[in-house]
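Encoded as structure tokens, the following chain is the form predicted on its own, with no partner shown.
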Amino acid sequence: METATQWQQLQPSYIREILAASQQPDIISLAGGLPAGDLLPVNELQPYIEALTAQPDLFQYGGSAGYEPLRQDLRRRYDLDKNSELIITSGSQQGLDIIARTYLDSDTHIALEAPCYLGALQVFQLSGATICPVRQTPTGPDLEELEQLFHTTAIKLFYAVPDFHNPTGVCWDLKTRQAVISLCQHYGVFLLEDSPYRALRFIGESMPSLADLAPDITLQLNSFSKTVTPGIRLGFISGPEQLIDQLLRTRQAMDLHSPLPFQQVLLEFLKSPTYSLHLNKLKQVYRDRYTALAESLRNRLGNQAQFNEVEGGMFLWLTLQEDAEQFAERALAAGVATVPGCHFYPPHYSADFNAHRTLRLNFSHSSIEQLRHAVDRLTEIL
């Protein structure tokens, strides 16, 4: 059977493919976006999972917007604007898909920072929309470039990860957030704010989200894959009630609703004091692992590689003095899996953004000992 035109434009995920190689016991993987496997709250979730057998109604069909007790809790927990609503999704990746199916056509133009989260690039490619990348700076998107794009092109949506960007770890400063919102309001562009790492700040003070600053023009994606466990596949979209109603119709045509039993388990865990303890432990461990990786890179690689400090999240963006794809191949042969930066750009754009010398390193999944050992191996290659 012949595939759809949009499918033919879809690039395979380098990360999903390299994860198979990363499973070998002698490989230290800095390639995936995986949370710490040793910190998954399996024991903490156990009593809530066991209690499900006493609630047979959770094993029936449910509403497409999600389990109402969980939705009410999330409205309070995230202090949603009075004119906002939300839909529970099967992870924020499904949220991206629902939004793309609802608002993007083949003649739609969307803006995003380059580099960009690979999963978002794939969703936008599948929609057939035209992707317009904007160069990223250490404080967020290049504002002059963004304004020029808005001025010359009918941009419908600007996709952004303002807090601990994937893949670079960049966190927008307040001035950038306010400037981006002002530009979007002036040019009639909606914001799509992806926030899977926002709760993982381990240094410095939190910035207001785009949804906090401009709730009337922002759709926000949140995920519990990074703060609870990715296996439950739960997240949510929040935003203006009118837009959520439109997205709900799309959701009804997809998988009806996310699994109710896991929504109940998540609700009970979020309500328990154990959740805040778990989150605090995650941030402490991630800070220690990031510090170990950053110090090892500075001490061992010196001027052979550069990176910007990060204040949270799961990633560090490394710039080399040589071709990153060739380096990544040698690193994998030496037992370290990484992701070359060129895979985080729209097709045919990576050369324009000097991506060939960059690597994404994940520090959340490996132990301090593994991270230091990985840097030792990378140093030997350089």
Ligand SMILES: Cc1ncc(COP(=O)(O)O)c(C=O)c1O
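If you're wondering where the values come from, they're calculated on a predicted model, not measured in any experiment. In case it trips you up, residue 1 is the first one in the sequence shown, and so on.
Keep in mind the form predicted in complex with this ligand is missing from the figure; the text below concerns it.
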| property | result |
| --- | --- |
| Sole residue of 136, 264, 166, 84 within 4.5 Å of this ligand in the model of the complex, by heavy atom | 166 |
| The single option of 250, 225, 178, 153 touching this ligand in the model of the complex, heavy atom within 4.5 Å | 225 |
| Among 141-149, 207-215, 155-163, 179-187, the region lying within 4.5 Å of this ligand in the model of the complex by heavy atom distance | 155-163 |
| Contact test in the model of the complex: residue 117 vs this ligand, heavy atoms, 4.5 Å | yes |
| Exercise: residue 220 in contact with this ligand in the model of the complex, heavy atom 4.5 Å | no |
| Non-hydrogen atom contact residue 91 with this ligand in the model of the complex at 4.5 angstroms | yes |
| 4.5 Å heavy atom contact, residue 71 to this ligand in the model of the complex | no |
